[in-house]
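Shown here is one chain on its own, the form predicted on its own, set out as structure tokens.
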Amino acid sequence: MRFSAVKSAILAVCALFLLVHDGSGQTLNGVTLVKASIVSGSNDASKPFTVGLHFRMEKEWHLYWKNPGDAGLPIDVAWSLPPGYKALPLRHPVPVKKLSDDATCYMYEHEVLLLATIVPPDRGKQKRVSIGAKLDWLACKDRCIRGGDSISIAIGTIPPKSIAEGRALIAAWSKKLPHPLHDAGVTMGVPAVRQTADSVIVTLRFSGTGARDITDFFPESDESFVLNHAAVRVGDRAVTLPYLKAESTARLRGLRGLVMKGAEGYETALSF
């Protein structure tokens, strides 16, 4: 099946259970579906510090990982920072993978904290600054609702109790971030890559004490390819990932994602 046919099938699934409705924020029938806030464990903006974007979801509703999978949208963040300050790339906790109506998605349920390090200018002397973020997301249950919010935090004026709570929350969710691959007790061999006019099949092979415990691979997204989740194969110390091309000239140059051992994820980045 070519990429266009697969994409059409996915869109048909989306039409059935990912119906997007415009909403006023994230309120549905008087119930707040998603509540967003920003937390920090530091009151000193003169040196690098971590902030967390905290999302709490109503029961049975979920948000999506940076690769939503076959359907959905990732959480979009646009920072509002003082001059000279910059935000390092967001760090996403390991998501859960679920199948719904033949669509495989990577999602967060109940709550999630996305982490980012804010870096001041080289000679930053300001201890008090406002850090803001404009957020957009897609919350889904049996249907989906676009939502968003603009949130901010005034570093340097946060009450001690809130600093302690923020520090504890950041510490707890930092433990849910992906680990380096070497922590998995595995060594990855040279990937086997077979590219045709329509598809790319990548086989990742592992050795080491933890190789038999590998259960899955969560890929980061690539607009030129779509992963055929139903045909992913895991076993015999290997993971086989079949991709379909958007165009016959597309070439898969690399692969990023999480090697999974149960609920634990281990980051890997490959170049072909």
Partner chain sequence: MKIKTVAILGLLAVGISITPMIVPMLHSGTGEATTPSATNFTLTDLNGTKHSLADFKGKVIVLEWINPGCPFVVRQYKDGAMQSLQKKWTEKGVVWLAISSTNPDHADYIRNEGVRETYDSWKPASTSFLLDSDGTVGKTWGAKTTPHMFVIDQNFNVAYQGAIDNNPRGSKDKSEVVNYVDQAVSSLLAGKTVETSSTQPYGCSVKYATK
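Residue numbers count along the first chain shown, from 1. Small disclaimer: the values here were computed from a predicted structure and weren't measured.
Not pictured, yet referred to below: the form predicted in complex with the partner chain.
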Considering non-hydrogen atoms and a 4.5 Å limit, does the partner chain approach residue 165 in the predicted complex?
no
Residue 243 within 4.5 Å of the partner chain in the predicted complex, heavy atoms
yes
Would you please decide whether residue 45 lies within 4.5 angstroms of the partner chain in the predicted complex, comparing each non-hydrogen atom pair?
no
Is residue 238 a contact residue for the partner chain in the predicted complex, using a 4.5 Å heavy atom cut-off?
no
Are all three of 50, 80 and 158 close to the partner chain in the predicted complex, meaning a heavy atom of each within 4.5 Å?
no
Of 139-147, 174-182, 87-95, 106-114, which is the one stretch near the partner chain in the predicted complex, taking non-hydrogen atoms within 4.5 angstroms as near?
139-147
Let me know the one among 153, 186, 170, 75 whose heavy atoms come within 4.5 Å of the partner chain in the predicted complex, would you?
75
With the partner chain taken in the predicted complex, which residues across 197-226 come within 4.5 angstroms through any non-hydrogen atom?
197, 198, 199, 201, 226
